[in-house]
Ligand SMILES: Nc1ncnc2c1ncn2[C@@H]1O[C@H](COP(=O)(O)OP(=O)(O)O)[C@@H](O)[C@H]1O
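Below you will find one chain, with nothing else, as structure tokens; this is the form predicted alone, and questions on how it binds or moves follow later.
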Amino acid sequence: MDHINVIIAENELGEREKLKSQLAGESDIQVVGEARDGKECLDLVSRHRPDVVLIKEDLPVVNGLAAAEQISTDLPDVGVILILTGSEGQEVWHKMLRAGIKEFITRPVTADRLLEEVRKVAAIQAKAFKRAGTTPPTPTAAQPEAPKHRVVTITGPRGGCGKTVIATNLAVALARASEKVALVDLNLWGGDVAMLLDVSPKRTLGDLLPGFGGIDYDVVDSVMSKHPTGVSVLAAPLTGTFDGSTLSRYMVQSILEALREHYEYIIVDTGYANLESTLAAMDYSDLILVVVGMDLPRLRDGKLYLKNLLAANYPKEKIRVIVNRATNSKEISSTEVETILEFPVTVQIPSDDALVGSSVNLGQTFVSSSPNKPVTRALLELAEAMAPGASLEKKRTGRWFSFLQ
């Protein structure tokens, strides 16, 4: 395309002028329209068919999120970027997922970030749709063979569900089968991967952020630490001083793309479910492991979260549900869990607070220290579920997890 045509939908004049000035002077970007409310935005987008539209979430007349959803549905060749304040609640994020809107930026918006996002979305749209008005190409059938290099993101509807414990133990288990296992901690607000593995990294993910100008494998490799089991760890910043919103979709996917070329398994531990970095990792992953707790409030959260993922067009076959800290409760039986979630459960990991607590405090994974415990056996079942057709008995003896070949 000659120019990236952009429409700005922002009701506050000062903010609208700021966005315009940030885009001004770029030879490949042209602002072709401005809207002060959602209705005007819909009219302008319908007439001009821009490459990208920037929409404030809480526009008057027609809500910005509603306008974004209508554009995504009626004009899928137009790229939508939602502008958020950062103070939106979970309800807004759930609505975004249901509308299939995954591209957003949070105020304060820097010029570099805005330009990066606009160009990236325009490139994605140009690749997916031909501007001559043709329909998107029909998806090809999925290949039956599992990829040789697999990215697995571990997420959940709320914190405290045990994502990090599962991520670290799964990575260590996989290291028995492969020398090329990477574990990435995307939680900039206090990721615990390094602590759970008793690793003291000299450099972390935070060292990539201040001078980010492009990622290649050498750059990523320079900030990774080696665990004694062979797992390569990209740790989160230890100080907790980094704003999680600085970890953009482009940065996350650049990191994962660089790792995919050199590692057979990349396990990604995520932060909050509604962060752009979490969505970016899920978009790039071959598998998404959704971890939910056994009690009713967490199961209900899990049900809503899974519905939102499916509404956002994440393929069902890409999602695996992990019920953590499962117990033989009289109130909720193991057979009732799938009924509550309305989704098949891949594995239920039994509760063992004493073992897991000791494992966390000592910085030693339980798959290494207690290979015969029920919680470890459940991790083996999880690995088998990630590789249909693999033999669990073979993995219990000698080298574990000889799958995903």
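For clarity, every value in this text was computed on a predicted model and none was experimentally measured. The numbering used is simple: start at 1 and walk along the sequence shown.
Same protein, other form: the form predicted together with this ligand, not shown, and the subject of what follows.
**Student:** Work out which of Pro201, Gly206, Gly162, Gly100 lies within 4.5 Å of this ligand in the model of the complex, going by heavy atoms.
**Tutor:** Selected option: Gly162.
**Student:** Which of these residues, Val45, Ile349, Ala35, Leu59, gets a heavy atom within 4.5 Å of this ligand in the model of the complex?
**Tutor:** The option sitting close enough to the partner is Ile349.
**Student:** Just one of 356-364, 334-342, 64-72, 24-32 has heavy atoms within 4.5 Å of this ligand in the model of the complex; which?
**Tutor:** Among the candidates, contact is made by 356-364.
**Student:** With the partner left out of view, is Leu380 within 4.5 angstroms of this ligand in the model of the complex by any non-hydrogen atom?
**Tutor:** No, Leu380 is distant from the partner.
**Student:** So in the model of the complex, is this ligand close enough to Asn324 to count as touching (4.5 Å, heavy atoms)?
**Tutor:** Flag for Asn324 set to yes.
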